[in-house]
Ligand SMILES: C[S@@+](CC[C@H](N)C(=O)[O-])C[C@H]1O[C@@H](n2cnc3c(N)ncnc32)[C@H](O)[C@@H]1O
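Next up is one chain by itself, shown in structure tokens, the form predicted on its own.
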């Protein structure tokens, strides 16, 4: 079986190189290996810069028009819902091997110092987003794409209100985990196609959910969410997007296998969509995903033996390659991680972060001295 797998790697390399580019072919050549990859080799191969001409070719072949075609075809060739389930339903135990141990956040953390652990950084992130949501007891709050219930747990610890917390996910494994671990109302729902009751929610938020929304669904979804929140309500989105209309060459492998059917939008498309949906951007910040990806990579390596027993060699190899390649995508600024706070344009009282008040106080004190 291993011999056949290795032969297949070599047979597929050149056709994939020509059709999808050297980055795509390289990713699958190593990810399909039947032998356990050396993590130091993987990290160096995928994250280090080489000859500028080679690097330029790796980033720009196939041409943008071909990359756009692949990005258009992926959602047509692969079912988005099935693709999400394929990724997240591998095994809860597998993800526990490399995610933080407190929350199991599978999204960008906030490393404030070089000494921060992944646990500390995810706590930083949770506190940051908690401040953006500003949950209050009695408020009806929904998380779309709720993962393993990480942020719902954080909100509950802050408000003590379990009854008004809801989450939607497409993962059977995540629904089971939340039900058994926290007892929140996690429902197996596609938040894109769900019909929302008008003005039913005080807060709706997503952490890593908008990446799974096809471009054609962005505006209809934004309009539904804008209608679903109360006039005084708030939307909070934490997600990454691509910076150019053509997907980065290194992202093509993710659309084919890691997150099958994924179709990222650009920063500009998201901003235009929010405004067209009748929403006002009241907060926008950019964050660094690279330390999180490196921490996950290192922790997966530390737990290699357990990972191999749970998911086998090729899945372990694939995740090593995927985490390293993702690090490079963010290092090249082909992808950016950002957070938005949105309100309806008819909101009676525009929201402002407490940071503004603190800054205003400091400025006033400085003037008065």
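Quantities reported herein were computed from a predicted structural model and do not represent experimental measurements. Residue numbers count along the first chain shown, from 1.
Not on display, but discussed next: the form predicted in complex with this ligand.
Pick from 208, 220, 131, 278: which residue has any heavy atom within 4.5 angstroms of this ligand in the predicted complex? Contact check passes for 208.
Between the options 111, 201, 168, 297, which residue brings a heavy atom to within 4.5 Å of this ligand in the predicted complex? Filtering the options by heavy-atom distance leaves 168.
Within a 4.5 Å heavy atom cut-off, is residue 239 in contact with this ligand in the predicted complex? No, residue 239 is distant from the partner.
So in the predicted complex, does residue 212 come within 4.5 Å of this ligand, heavy atom to heavy atom? Result yes; residue 212 sits at the interface with this ligand in the predicted complex.
Looking at the partner-bound form in the predicted complex, is residue 164 within 4.5 Å of this ligand by any heavy atom? Contact with this ligand, no.
4.5 Å heavy atom contact, residue 262 and this ligand in the predicted complex: Answer no; every heavy atom of residue 262 is more than 4.5 Å from this ligand in the predicted complex.
This ligand isn't shown here, but in the predicted complex, which of 264 to 272, 111 to 119, 189 to 197, 134 to 142 has heavy atoms within 4.5 Å of it? The contacting stretch is 189 to 197.
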